[in-house]
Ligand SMILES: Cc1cc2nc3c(=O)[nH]c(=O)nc-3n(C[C@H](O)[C@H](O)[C@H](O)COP(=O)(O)OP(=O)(O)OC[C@H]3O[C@@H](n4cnc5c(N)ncnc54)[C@H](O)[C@@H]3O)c2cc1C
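Encoded as C-alpha cells, the following chain is the form predicted on its own, with no partner shown.
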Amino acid sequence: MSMIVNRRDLDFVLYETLDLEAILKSERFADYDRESLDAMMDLCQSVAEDQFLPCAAKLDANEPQFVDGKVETIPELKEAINAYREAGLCTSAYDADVGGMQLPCIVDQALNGMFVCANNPAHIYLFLTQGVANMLNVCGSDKLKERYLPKLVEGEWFGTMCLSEPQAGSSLADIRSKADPLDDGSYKITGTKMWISGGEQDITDNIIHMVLAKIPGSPPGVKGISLFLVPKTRVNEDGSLGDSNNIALAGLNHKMGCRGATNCLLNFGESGDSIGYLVGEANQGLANMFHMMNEARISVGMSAVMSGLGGYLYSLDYARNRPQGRPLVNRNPEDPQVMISEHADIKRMLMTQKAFIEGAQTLIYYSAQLIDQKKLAMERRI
C-alpha cells in the first residue's frame, strides 16, 4: 500500500463528493479531463514516492547546517526538488498567462498533498515560492514581474516571506526594519528578520525575499508598513545574476517536527547595502502581504492534514502486519495469532483516525473548490 495517498479515497472526494468534473467543463479548465488529471496524479505519486519519501527520515535526522555563514543541506533534498522541477510541477499553482499549468486549485492542492505527506520539510520551499510568485503577480509592477516572476514560476529561484523580528514576534506594528529611499527609486533595507522559513538554502541560485519594512516618515503602527522585494543576489537588467545583496545569515532556528527545512535569522544591510524594491503602494505592505498569507492558509492546513494522513497510513500498515493475540472466541494457544487490525479496539482507533483525516481532507478540497468557483464567477462577469 502507498504511504502517501489512498487514491480511491482521493478520487471519491474529488469526483463523487465535490464533482470536480463539473468545473472541468468550463473554458478556463478546458484543457483537462479526468483521464489527463489521473495521469498527472500518477506522475506525482511516482515522483513523491521515489524521490521525496526515501529521504524524509534522513532529512529529519540531518538538519540544515550553518557552515561559514551559509546553509548546507543533504544532497538528497536537492535531488528530490530537482525531480519535482524536471517534472514541470513547479508551474502547477499558476495561471497560463504567467507560464503556469492553470490547474484547478482543488487539483493543485491534491497533487501537492502527496509531496507534503511524503516529505513536508522538502515541500515547504516549493509552497513558499508559489505564494511569493502569486502575490508578486497580483501586487507587483510590470518591471518587477518581468524580472523576477518567470524564475519563480519555473522554480529556478525560491521565495520567502519576511515579517517577524526578534523584538516584535507576530506584533507587526512593532517592527523596526527600515527602507530608506534611493535616487533611482529603489530602497536601502536595514534590519533583522527572525523565523524566516527558507531564508537561506543551497538549492537555488537566488532567493527572493518579501520583506515588511517602514519608510521613514510613514504612519506609526501597521498603517506605516510597506512591502519590498529584496533578492539575495542582485539581478542585472538582462536578468543575469549580479553582486551579493548583503543579506547575512545570522543563525538557524531549530523547529520541532519540521527539522529538515531551514528557519533563519537574517540581517539586512549589515555588511553593505541591501537593495529592495517597493511592491505595490507605500504603506500598503500588510494588505499586499496578506494576499500571500491568505493563500497560505489552505496550504498550511493541507500540510497538517497530510501529516495526519501519513500517520494514519503508517498506523494502518503496522496494524495489518503486527501479529498478536487471538480472537476473543478462540482460546486455543496452538492456533496462529491474528494481526492487531482484527482486534475491536484497534479497529476503533484506526476508524477514528480515518474519519478525522477524511473529513479534514474534504474540508481542504472544498475550500480550494470555492477558490475555483470564485475565479469562474469573476470570468463570467467580465
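Just count from 1 along the sequence shown to find any residue number. No experiment lies behind these values; they were computed from the predicted model shown.
Not pictured, yet referred to below: the form predicted together with the named molecule.
Only one of 78-86, 175-183, 191-199, 213-221 lies within 4.5 Å of the named molecule in the predicted complex by heavy atoms, and it is 191-199. Just one of L136, L163, V230, M306 comes within 4.5 Å of the named molecule in the predicted complex, counting any heavy atom, and that one is L163. The single contact residue among G169, G242, G251, G311, judged by any heavy atom lying within 4.5 Å of the named molecule in the predicted complex, is G169. By the criterion of a heavy atom within 4.5 Å, N263 is counted among the residues contacting the named molecule in the predicted complex. Within this chain, R234 is remote from the site of the named molecule in the predicted complex, having no heavy atom within 4.5 Å. Although the partner is absent here, K255 is a contact residue: one of its heavy atoms lies within 4.5 angstroms of the named molecule in the predicted complex.
Contacts with the named molecule in the predicted complex, taken as any heavy atom within 4.5 Å, map to no residue of 206-241.
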